[in-house]
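Only one chain is shown below, in structure tokens, and it's the form predicted alone.
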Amino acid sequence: MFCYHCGAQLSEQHDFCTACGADVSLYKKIMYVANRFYNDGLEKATVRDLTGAITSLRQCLKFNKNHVEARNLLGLVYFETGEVVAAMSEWVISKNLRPEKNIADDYIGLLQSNASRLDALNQTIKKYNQAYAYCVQESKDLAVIQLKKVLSLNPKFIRAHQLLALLYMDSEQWERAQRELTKCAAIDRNNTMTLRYLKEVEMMLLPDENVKQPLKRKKEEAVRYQSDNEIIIQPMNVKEPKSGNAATLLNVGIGLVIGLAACYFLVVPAKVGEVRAEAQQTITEIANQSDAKTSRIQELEASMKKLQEENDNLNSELEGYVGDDGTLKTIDELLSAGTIYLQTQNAEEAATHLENIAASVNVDETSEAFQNLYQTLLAAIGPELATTYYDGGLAVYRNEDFTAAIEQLGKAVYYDPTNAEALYYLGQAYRRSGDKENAAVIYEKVIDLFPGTQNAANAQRYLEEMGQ
């Protein structure tokens, strides 16, 4: 036991902490009471008195809410009674109290390792609530069907057994109610509600002791004996007439006719009615099951459609972030350009990433921070790259490789829009390659940006020659 004030180990002989001097006499009593309740709960759990165990363990936690062993045991008892949510709550609290070397980790891991089993256990609570709602709505047949589904998923769910037994009791199906309550008693021996229901059922199943048995006749009024396969009843003190064979046969024949008539008019209609009632009950149960399954299928289809739409929307958003043209890809390109330029001063390699950004997104539509960094890098590497691309473009232009010249000179203009020579020769490359439309656009830019220069005069002359 540790001191609540300083955390030091407490001595059993002293009522004060030997480390900080705090008075721990009352604290020790509280801890002892908590441990006694825990031991009592443990003993009751071992003999399957789960209700008593829950009561004792809750009392233990009232005195010591940090009692990890009590919380773990309470979670196990809840799980044994089918209360999975309550069990998980206790184990999660226990794990937060003691993150290391806690068996609650194993309990939680066993549940979470089987996702389908965990989902089925979670569904039992929803189905149980639905069954309860059916009971409130007086749809007792649907409630019975729903509770049977709950118990097929979680056979130890005591509350479901008790509610199903109550429905059987309401419909006077006492044997079925007794079976459900016996299952409850096998799980939790001293559950008060189970014992109360079971007592009521057993009273209804006991024979009525108030019904009097028929009294024995004081005196035999007839003699019975067997002749071949027939039982003969002969009254005493009555003399059999001499010619009684014919009358006996007649009486036997009349008795057979009366028996057959009674069987036909009384027994057969009753049996037919019983068979029809059982058939109608079976049809009703099948119809209820069909309606419940149809309703469930419609709910699942609507849920699946909604989930599919959400999944498609999330995939679209995710693609916008991580796709080939996604935001994350663009940010990575910008960061790569900045890193390369800062570490190696390699303008051409950094420019490759900036060009990829320009090709994939509209920079003007990005965030302000993104545009600032992009423009800063572009201004840092622009002049050097513009000169490099201009020299390379002019060289291939003179070699009449106009396609390569257009590419090189276009980059030179991109990185330095004030380079009049690069813009003029770009127009020349377009004109000599036969692309008069783009050549006219470039010549007009030369005239607008650099009026009064020789390049502007030449551009005007070429425009007139092309008939623009």
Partner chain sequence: MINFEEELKKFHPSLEVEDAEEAIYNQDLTDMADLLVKMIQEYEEKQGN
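Numbering follows the first chain given and starts at 1. Computed from a predicted structure; not experimentally measured.
Keep in mind the form predicted together with the partner chain is missing from the figure; the text below concerns it.
Note on the interface: of 287-295, 361-369, 124-132, 256-264, the segment with non-hydrogen atoms within 4.5 angstroms of the partner chain in the predicted bound form is 124-132. Screening 104, 167, 377, 340 for any heavy atom within 4.5 Å of the partner chain in the predicted bound form leaves a single hit, 167. Among the residues 334, 163, 381, 151, the one placing a heavy atom within 4.5 Å of the partner chain in the predicted bound form is 163. Shown alone here, residue 299 lies farther than 4.5 Å from the partner chain in the predicted bound form, counting heavy atoms only. At least one heavy atom of residue 83 is located within 4.5 Å of the partner chain in the predicted bound form.
Contact between residue 196 and the partner chain in the predicted bound form is found at the 4.5 Å heavy atom cutoff. Although the partner is absent here, residue 90 lies within 4.5 Å of the partner chain in the predicted bound form, judged by heavy atoms. The candidate spot formed by 156, 185 and 310 lies out of contact with the partner chain in the predicted bound form, as no residue has a heavy atom within 4.5 Å of it.
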